[in-house]
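Two separate entries follow, structure 1 and structure 2, each one form of the same protein chain as structure tokens.
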Structure 1
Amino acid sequence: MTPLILKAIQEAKAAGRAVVLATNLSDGTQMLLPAPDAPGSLAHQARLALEADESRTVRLGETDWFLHVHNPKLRLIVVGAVHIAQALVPFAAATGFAVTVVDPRRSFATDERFPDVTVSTEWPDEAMDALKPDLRTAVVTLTHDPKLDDPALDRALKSEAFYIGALGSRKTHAARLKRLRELGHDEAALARIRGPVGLNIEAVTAPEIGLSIIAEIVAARRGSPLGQKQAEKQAA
């Protein structure tokens, strides 16, 4: 591997671009895809590997190629720069998420409380419009304040975010669903929200709740039965 290719992969990651490093396993020659001069069959296989987010070896003609998928980081948007957010952030960083914490309350959203994390002090709806959650994004609301949580959840439900969680008791959650229904979200949309948030590990402290939330996000991402929503589990 040349330092040049190594650098190009780093740059792609930093810019949020998905790339595939194709390595000819017979002679070690490499090509970073997509590239205009790539052979069609290799380019096609690289696209398939990217879509599946799965690095793999493919045989083209007589040659084995290893296709190493380098997707941009998964993202986690945390609304509410609260104590549980502080506990959640290190777990999320360790499991490979680029984290953005959103909270317009400047006394909460400080760099001192959230070192090494992107902090946004915009209103959640504006922040969400700018962040544009996609299929590789998880969204968690933690403020307990409808003024802040609801606009974030509204935007999350309009996005393809693979995980949407909202902190709050069953009673709080029922009231929240009622408000979101009034904003025009149907039952199928509302069923995407995980509330109470996190796997049920009887979490009590802020780090335990943070752990239960990240565990549920990982379970959802990896397709674990634990990551299914409660309603789905009951129906199954």
Structure 2
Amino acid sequence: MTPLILKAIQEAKAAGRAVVLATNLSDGTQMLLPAPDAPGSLAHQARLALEADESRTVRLGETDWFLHVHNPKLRLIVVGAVHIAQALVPFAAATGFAVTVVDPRRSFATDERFPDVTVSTEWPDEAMDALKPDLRTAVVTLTHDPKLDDPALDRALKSEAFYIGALGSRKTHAARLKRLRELGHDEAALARIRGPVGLNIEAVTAPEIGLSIIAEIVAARRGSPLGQKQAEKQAA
């Protein structure tokens, strides 16, 4: 690895950018992806490796390439420092997510209620603008308050977040979708929202709901048919 490539990888990690180090196994030459001059087939395979979060060897033509994935940490942005959030956060941390809890209500968003977690007391739209959800980010809104949930969902829908979920009944969700339509979001965008949030396990308590949410997030991230079926059912 050349000093230039090593420096580029370190800079990407510091900036939270996903990159892939592609090594030609025939001659040892290396390329950091994405790159504007990369062959299309190699760039495509690198993106697949990033999405799978898995380093791998691929054969392109007569050449074998080893793709070493350097992904930033998975993130979960939780809007609403409520009881369900307190149950969800430990599940998320245990499954590898860096969690940020957003709630401008300072009596809820405290370090005591959310130890060892980043807590933001900014308004959700400001927090989301600063956090910049990407392909490695899940967003969940839990407040039931349109003044807090809607701005967060608006920003999430404009991002590449791989998962967007919102707590509430089907009636609440229908009203939420109407408001988001009025903000200019089309049906394809609105279909990205998992609402009611979580896999349908008949959850009742806060820990059960937290479990259902993290299960759905993992299913969505891993491309599980279970997660896909749930999304299709909610969109119907």
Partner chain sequence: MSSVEAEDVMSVAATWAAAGEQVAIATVTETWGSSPRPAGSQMAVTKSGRMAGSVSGGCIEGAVADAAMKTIDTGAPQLLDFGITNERAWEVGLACGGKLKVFVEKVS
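For clarity, every value in this text was computed on a predicted model and none was experimentally measured. Throughout, rigid core stands for the largest set of C-alpha atoms superposing within 1.5 Å between the two forms. For residue numbers, the reference is structure 1: its sequence is counted from 1.
Only structure 2 of the pair represents the form predicted alone. Core-superposed comparison between the two structures: the CA of Ala38 exceeds or equals a 2 Å shift.
Core-superposed comparison between the two structures: the C-alpha position of Asn71 differs by no less than 2 Å.
Domain rotation between the two structures, with the chain taken as two rigid parts and C-alpha atoms superposed, amounts to 48 degrees for the smaller part. On rigid-core superposition between the two structures, the C-alpha of Gln10 is found to move 10.7 angstrom.
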